[in-house]
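The form predicted alone is given below as one chain in structure tokens.
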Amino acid sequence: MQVSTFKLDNGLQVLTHEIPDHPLACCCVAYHVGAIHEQPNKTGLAHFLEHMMFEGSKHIRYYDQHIQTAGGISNAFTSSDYTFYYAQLPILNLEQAFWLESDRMLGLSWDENKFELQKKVVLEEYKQRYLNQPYGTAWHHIRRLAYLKHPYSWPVIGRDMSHIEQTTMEDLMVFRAKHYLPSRAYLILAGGFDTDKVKPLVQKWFGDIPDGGGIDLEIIPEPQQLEIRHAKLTEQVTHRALYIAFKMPGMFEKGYFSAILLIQILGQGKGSILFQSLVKKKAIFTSIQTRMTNSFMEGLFVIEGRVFPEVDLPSAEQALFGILENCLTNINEDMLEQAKNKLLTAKYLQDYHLLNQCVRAAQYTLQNKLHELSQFEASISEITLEQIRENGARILNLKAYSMLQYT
């Protein structure tokens, strides 16, 4: 992915990726604000604000209506580290996306009725995705166990429903004024355009948006975890379950690529070590997998397993840790090569979509790592078996982890 960059006087950074003769364009805006920029007693603001960004700006009553009229689609997502908006549409209508994005960057309409409507939508999302789902609150509890100081301790949607209920429109207005600024935003474009022709259009629509001079909040660092932490939940679930969270390097920290390969080898798919040992051979777990938070800063490497009814949790826990104690020495070159091939294939398939290319460009740019964007394949390919074992030993620390039990 070849990216060109330029910067407007108000601080807005622009990235362009030309794909000759491509009929579509993807117009994305990434704001350097996420759940970590909230306060522990007032969470969920970044996600709530994302919803409000589709409820009309000063000159546009309904955002989606104009995108659809232009033959496009649009959406957004909020993470702990950043917020991302995108529109994909025919290349001839790219300026339509500039108009829409610039107007809502400049200012929202702040309609009280729309605010109350979106509050209900967010509350319903909280209920459906977390409260009304088996094991739905698992990651809420795991985060609280694993992070005692860092704002990764709460999920993006908010620590508690009461935080959403108590959010006022003024809260969102203040939060937006601090973070939704040209100097904290990145405009990422990909598709069949000519950058030289796009530049004056970007200047036309974004150049006169004033910057508010927002500043980054100081994120409280998480102390090194030196102990084992436990929590137990008793809920109506179909199977008792174990969640074990280890700390892992952030996306741009040393050891990250070893960690994602280890995740693949240990618990991704039916050929993984954990599935073969604890599901297929020993029939202790009905399912088991590894997952990660994919955070910019120190994230979580999580093992999630659901236990057969006839197996008690202590026995399941003992069997799992028995595998973890020896898994690194059991990893061989064939396993590593297979994991590399799966990750690289997934990356190549993802890159067929303009949106995925823009998301990756945004992630690297937000961390001032754009020069490393093209190094993903090499970074994966060059990992050795020795590195997997060395970094794996640091991650799978059996004296410092967080465990959640569903009983």
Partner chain sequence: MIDRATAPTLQSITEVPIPSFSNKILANQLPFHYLNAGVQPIFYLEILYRAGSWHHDTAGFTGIMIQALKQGTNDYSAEQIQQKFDLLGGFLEILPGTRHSSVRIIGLTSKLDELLALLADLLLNSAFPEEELNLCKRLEIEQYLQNKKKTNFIAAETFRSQLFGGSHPYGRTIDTEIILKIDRNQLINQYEQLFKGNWEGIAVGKLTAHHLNRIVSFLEQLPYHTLGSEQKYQMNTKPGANHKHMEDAKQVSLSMGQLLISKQHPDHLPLSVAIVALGGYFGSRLMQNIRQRKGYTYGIYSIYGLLHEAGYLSIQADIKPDCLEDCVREIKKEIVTLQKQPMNQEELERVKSYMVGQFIGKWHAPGDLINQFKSLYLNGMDESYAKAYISSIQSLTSSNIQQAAARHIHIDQFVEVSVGKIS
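In this text the structure is predicted, and so the values were computed from the model without any measurement. Positions refer to the first chain, counted from 1.
The same protein also exists as the form predicted together with its partner chain; that form is not shown, yet it is the one meant from here on.
Can you work out which of Glu112, Glu218, Glu227, Glu310 has a heavy atom no more than 4.5 Å from its partner chain in the predicted bound form? For this set of options, the contacting one is Glu310.
Would you kindly say which of Pro223, Gly322, Pro200, Pro90 lies with a heavy atom within 4.5 Å of its partner chain in the predicted bound form? Here the answer is residue option Pro90.
Just to confirm the contact call: exactly one of 138-146, 293-301, 247-255, 90-98 touches its partner chain in the predicted bound form at a 4.5 Å heavy atom cutoff, so which is it? Going by heavy atoms within 4.5 Å, the stretch is 90-98.
Let me test this: is every residue among Ser4, Ile383 and Lys399 within 4.5 Å of its partner chain in the predicted bound form, going by heavy atom positions? No residue of the spot touches its partner chain in the predicted bound form.
Partner proximity in the predicted bound form: Asp351 to its partner chain, non-hydrogen atom cutoff 4.5 Å: Asp351: yes, in contact with its partner chain in the predicted bound form.
Taking its partner chain as it sits in the predicted bound form, is His51 near enough to touch it, meaning that at least one heavy atom pair lies within 4.5 angstroms? His51 belongs to the contact set for its partner chain.
So, Glu170 and its partner chain: in the predicted bound form, are they within 4.5 Å at any heavy atom pair? Taking the distances in the predicted bound form, the answer for Glu170 is no, it never comes within 4.5 Å of its partner chain.
Is there a heavy atom of Asp64 lying 4.5 Å or less from a heavy atom of its partner chain in the predicted bound form? Yes, Asp64 sits close enough to its partner chain in the predicted bound form that at least one of its heavy atoms falls within 4.5 Å.
Enumerate the residues of 13-35 that have a non-hydrogen atom within 4.5 Å of its partner chain in the predicted bound form, in sequence order, or give none. Residues within 4.5 Å: His22, Pro23, Leu24.
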